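First comes one chain, alone, set out as structure tokens in the form predicted on its own.
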């Protein structure tokens, strides 16, 4: 039998250690099917810092999560052994060393990961680790920004470059790459041209509004097919009204309801790993951003639990 969260009828939700959803720690169980792991790293940011405090804030906000997910009709903690694997220690002064440490730690965790960042730089080592097990993976990337820029101030590894590097390294399946929620000003039209050349399809925030959730979900499912899929969620895909606590906010984003419904629409796809990044609690109000991120992570756990026997 799987070990689930602390019973909230015996221990109040506001009491006890703040593991994600009050789940057991990795060292408290014999095995783990799904592991929630934090990466408190934000050296790759280009504007507001503070995402290094994201994992702790999201864990704290996750105390109110409950064990049954009606939207997915699954009790994820019964279906799979889900644990909190703590944080990966990453060098805050050396991005290259941090990337190596994150990749190495992800390799050692014998479970499918839902990773809480941290800035979006961490997606690259996580994708490297997943690709070692599954080969090049499909990517569904929720973000206000493309994150396929080449360099920033000459740096090749930042929170704006992970998916260009991933394509260059051959760890993404370029027939199945999608951005969702893109919006806001760019440096120039070449940004979009480069992105298309790398193989990405774009569903903008305006597309979600005008085309509707069902069509957006259908486009994503057709593009992903039966391939191993990684989902990366930058919390700034949400409008600042729904996620003010982030480093590079852009007006005109998705609602938390839209994001969660799109994620639920991916049920049954071959999800092999995921991340939720760029929560910067210093800019948050009343835990709005952290609560949204905790629910995103919970939905991702639900998606993994639904197809637990498959992976």
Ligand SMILES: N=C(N)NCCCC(=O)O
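Positions refer to the first chain, counted from 1. Bear in mind the structure is a predicted one, so any value in this text is a computation, not a measurement.
Here the subject shifts to the form predicted together with the ligand, a form of this protein not shown in this document.
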| request: State yes only if every one of 153, 165 and 194 has a non-hydrogen atom within 4.5 Å of the ligand in the model of the complex; otherwise state no. | output: no
| query | If contact means any heavy atom within 4.5 Å, which of 176 to 184, 217 to 225, 233 to 241, 106 to 114 contacts the ligand in the model of the complex? | reply | 233 to 241
| query | Is residue 160 close enough to the ligand in the model of the complex to count, meaning some heavy atom within 4.5 Å? | reply | yes
| Is residue 200 a contact residue for the ligand in the model of the complex, using a 4.5 Å heavy atom cut-off? | no
| message | Under a 4.5 Å heavy atom criterion, is residue 143 part of the interface with the ligand in the model of the complex? | response | yes
| said: Although the partner isn't part of this model, could you tell me whether residue 255 comes within 4.5 Å of the ligand in the model of the complex, counting any heavy atom of the residue? | reply: no
| remark: Looking in the model of the complex, the residues of 84 to 120 with a heavy atom no more than 4.5 Å from the ligand, listed in order, are 120
